[in-house]
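The chain below stands alone and is given in structure tokens; this is the form predicted alone.
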């Protein structure tokens, strides 16, 4: 297929082309069953095998220790903003949050509805241009966890170094899932929406330490309880069938490509090429993020004027470089370079950037 565009969307994400082709070949008649997988019972033998394989593959590819469980939940990452404090905060306990930008603020806003939370560090005074160092975190007594958004999709910043604190971490990794290894010993929970790096929209992938499920709040609605989902292998209700199916295929593709180490190396290579194009443009392109905190997934940049940015976005789209407009809350440009985006797409973008600068300086 020769008319595939270069898709820099922040989500839903670019998916591996071979995964899309494989799903296409199975869509109408799954393994000779005479129907699509998404028409079958979620408790039938076909989907049971799909879900079981996806769970096993997620533990393998993410290199997850045995004392964690994986949950496939609906509601995306935003529902987790509420489920985390509802399940984990007991009377007298506090949740600490790093306010690193848009998504962290959302997590803080929702958590305040269900427990005592506080901001351990606020990036507002730096215009969310960097992540904090560990010694900047102001932790309070009786803190149950520190919540971090490991990569801010809109602001284009990430934690290059993991926080070193005396409480368990909980990480929203939506926009960099499977882009680098996770130090599991630091975390009680890791979660994220699948639509940034792992599959289509409609599912959150949650890894939770099994031991904490013994002491979660049970006075909440059943769907909101982690212990119930874990005990039912994410089959408490009808699960997000199609996202689980696609997630499993993406994981198999990632494993074939070399797993976590390969994904991290590719992310570094792609982001370095794009940041080099920005930094070597004599100031024509500007990244507002401090170098040490630059995201490897979401590269944000500005041009000399908003008019030039509009022209850049329009002309790039004409060249098949799509979804480069920055988020409406911050403006500018943004290139999301998730795992399945080929390096050739980054090359095409950097070449266009140079040509555009030459023609519009």
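Just so we're clear, the structure is a prediction, and the values are computed from it rather than from any experiment. Numbering follows the first chain given and starts at 1.
Quick note: we don't show the form predicted in complex with a further copy of the same chain, though the next part is all about it.
**Q** Just give me the single entry in 75, 115, 168, 123 that has a non-hydrogen atom within 4.5 angstroms of a further copy of the same chain in the model of the complex.
**A** Looking at 75, 115, 168, 123 one by one, just 75 meets the 4.5 Å heavy-atom criterion.
**Q** Which of 91, 142, 211, 238 has a heavy atom within 4.5 Å of a further copy of the same chain in the model of the complex?
**A** Exactly one residue meets the criterion: 238.
**Q** Going by a heavy atom distance of 4.5 Å, is residue 348 a contact of a further copy of the same chain in the model of the complex?
**A** Contact check for residue 348: no, nothing within 4.5 Å of a further copy of the same chain in the model of the complex.
**Q** Taking heavy atoms only, is residue 71 within 4.5 angstroms of a further copy of the same chain in the model of the complex?
**A** Output for residue 71 is no: heavy atoms all beyond 4.5 Å of a further copy of the same chain.
**Q** Residue-level contact is defined here as any heavy atom of the residue lying within 4.5 Å of a further copy of the same chain in the model of the complex; does residue 52 satisfy this criterion?
**A** No, residue 52 is distant from the partner.
**Q** Does residue 200 reach a further copy of the same chain in the model of the complex if we count a contact as any heavy atom within 4.5 Å?
**A** Flag for residue 200 set to yes.
**Q** Would you point out which of 75 to 83, 130 to 138, 271 to 279, 144 to 152 contains residues with a non-hydrogen atom within 4.5 Å of a further copy of the same chain in the model of the complex?
**A** Of the options, only 75 to 83 has residues within 4.5 Å of the partner.
**Q** Quick one: 56, 267 and 303 and a further copy of the same chain in the model of the complex, is every residue within 4.5 Å by at least one heavy atom?
**A** Not a single listed residue reaches a further copy of the same chain in the model of the complex, so no.
**Q** Can you list, in sequence order, the residues from 22 to 39 that come within 4.5 Å of a further copy of the same chain in the model of the complex, counting heavy atoms only?
**A** 23, 24, 25, 27, 28, 29, 32, 33, 34, 35, 36, 38, 39 sit within 4.5 Å of the partner.
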